[in-house]
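Below, in C-alpha cells: the form predicted on its own, a single chain.
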Amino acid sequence: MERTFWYRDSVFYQIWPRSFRDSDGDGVGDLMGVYEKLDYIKSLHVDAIWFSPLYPSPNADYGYDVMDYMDISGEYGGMGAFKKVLDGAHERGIRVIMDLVVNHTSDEHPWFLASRRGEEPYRDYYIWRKGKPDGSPPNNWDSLFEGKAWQFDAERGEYYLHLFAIKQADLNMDNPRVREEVKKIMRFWLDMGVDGFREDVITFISKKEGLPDGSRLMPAARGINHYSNGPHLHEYLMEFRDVLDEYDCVTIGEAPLLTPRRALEFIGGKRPELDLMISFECMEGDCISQEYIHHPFSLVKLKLIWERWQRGLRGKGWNFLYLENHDHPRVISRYGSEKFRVESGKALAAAYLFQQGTPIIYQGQEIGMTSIRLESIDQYEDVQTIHNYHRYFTKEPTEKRMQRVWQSSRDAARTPMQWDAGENAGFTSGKPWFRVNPNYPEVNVADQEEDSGSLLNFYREAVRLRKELPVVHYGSFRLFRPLDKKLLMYERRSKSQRLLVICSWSDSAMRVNVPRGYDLTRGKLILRSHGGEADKNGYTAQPWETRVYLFQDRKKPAEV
C-alpha cells in the first residue's frame, strides 16, 4: 500500500483510559466514557488518539503487563466498546493508535503459563536461565522497576528475566516464533482498522548474546548497555516493517537514552524502521536522566535540547513533540509555575506546538492539570514510585523522600480527568480508582469552555494555527538568545513566511526586544496570552506572557 505520511500533518491526543472518563460508575475510566467525549476530543482539532494499553491485564503496571494481545479488557468495556469508539473516531476524522507492548507480557499471559511448564512451542518464548552455582541470579542486571532483573520460578526451576516489574516477563525476541506472534498481533489490529502503534520500550527487545554482567558503575540501570539497542534490534524492526508497509499506518517507537543521531538510525533513510521516536531528553529540563534525581529547572538546558532535536532531524527525520504523558509528572508543576498556572501553561503550549514535528497532547494538559502531592507513600499506586521510595535515598528524612516522589511519580499525572466542578470532578459517579486532584473546582473543562481566554481555548487556537500555517510544517528552526534564562524566542522560516514565537519564563514583568531584522509593527500578532501594546523593537512582557507573530512576504506565494 502506498503510504501518505499523514502523521506529519497531524496532532495526537493521548488517553490513559483508566483516568479519562468513567461511564458506568465503577470508578474506572472506560471506552464508553471515551465515546461520550469524542466530540470534545474533536473540538481540540486533533487528528488521532493514542490509547495507552487497553488489553486484559492484572494491572501490575496498569495495562503494560498484557494478558491477551487480541482482546480488550472487560474493565474498559470489551471489544464491542472498542469497535464503537474506533468507528466513532473514524466518523469524526480521528485516527486511532494502539499501544503495542512486546518487550514483555504479564506473567499471567497464557504463553508464560505454558512456558513455565516447559510446554512446546512456548518453552523458549521467554528468557529463562539457570542460576549461578550458589543459587544467585544469572547475572547482575537491575530491573528498572523492582529489584534485580531476575525472578526465580519454582515450577520451572529457573530464573526469568524481567527488566520492569516482577510480573512483566521479558519475551525472547530471538525466537522466530515470538516475532511471528508480534506480526500476527499487528495484522489483527490493522485489519480491524487501527491506524498504527506506539511501540513500548521497543529498543529493549534484543538482548546481547550471553547476557553478560553489566557495569557496576551503573546502579539502578545495571545491564542497560546490554539490552538497549541490542545486536538484532534493527533486523527485527525491519521484519515488522514488512508487515507495517502493507498498511497506511504510523509507528512510534519509545526509546530511552536516545539522541538525535541515534534516532536517525530508526527514522532516517529511504525506508525507515519506524516513523517517529519518543525521546526522553525533553523531560530532562529539571533532572539528570531519571526524574528521581532532580535539579532546579533550567530553561537554557531545555532550549538547547529542543534546538538539538530540531536541527538534528531537519530534512532527515520527523520530530515527535511532547511535554506530558503517562510516565511523567505534570509539566506546569515542573517547567512552569503553579502560581501562574494559566499563563505558564500557555507559554509551554506555544513553546512546543510551533516546532517542526508531530505534537501530542496528554489528557488534561490542555486545561493545565497539575501534579498531585499525596501525604504518604501508602497512598500511591504506581509500582515504580513505590519501589523507588523504598530503594533509593532511604537515609533521608521522610519529608525529603516524599519531595522526591512529588517530583518524579508517574501517578502525579494519572489522576482522574477534571471535567467539571461537581463531585469527583465529573469523572465518575462512583468512587474513583485513584484520588482526584483537589484543585478540580478551579481547574476543569466546563469552566474553561465558557472562558474565551482559558488555557483550553488557547490550545484549540494554537493547534488550529499550526495546522493552517505552511511555515510550521516546512520552515527551518532558529533559536534566539539560547543562554537567556528567562526568555524563549525562536523563529520558523520558509520562503514566504516567518513565525516568531516569544515566551516569557519569568514571574515578573520584563522588557522583550526582538532580534535585528524584525519589526513587530509589520507582523501580525496571531496568538497571545495577554493584552498590551508593542513598538517596533519589542514590548514589556507581563509574567509568563506569550506572543506569536506571523510575517508574510506577499511577493511570494505561500507553500502549499
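For every residue, the number given is its place in the sequence shown, counted from 1. Here the structure is a predicted model, which means the values were calculated and not measured.
As for the form predicted together with ligand GLC, it is not shown, yet the points below apply to it.
Proximity of residue 182 to ligand GLC in the model of the complex: non-hydrogen atoms within 4.5 Å are absent; the residue sits far from the partner. Taking the partner from elsewhere, residue 327 is found to have a heavy atom lying within 4.5 Å of ligand GLC in the model of the complex. In the model of the complex, residue 273 stays away from ligand GLC, with no heavy atom inside 4.5 Å. In the model of the complex, at least one heavy atom of residue 145 sits within 4.5 Å of ligand GLC. Proximity to ligand GLC in the model of the complex, taken as heavy atoms within 4.5 Å, picks out 162-170 from the listed stretches 458-466, 162-170, 418-426, 236-244.
Listed residues 207, 410, 334, 222 were compared with ligand GLC in the model of the complex; 410 is the one with a heavy atom within 4.5 Å. Site annotation in the model of the complex: the residue of 109, 303, 198, 346 reaching within 4.5 Å of ligand GLC with a heavy atom is 198. Taken together, the three residues 61, 64 and 104 all lie with some non-hydrogen atom within 4.5 angstroms of ligand GLC in the model of the complex. Although ligand GLC is not shown here, in the model of the complex the stretch 244-259 places heavy atoms of just one residue, 254, within 4.5 Å of it.
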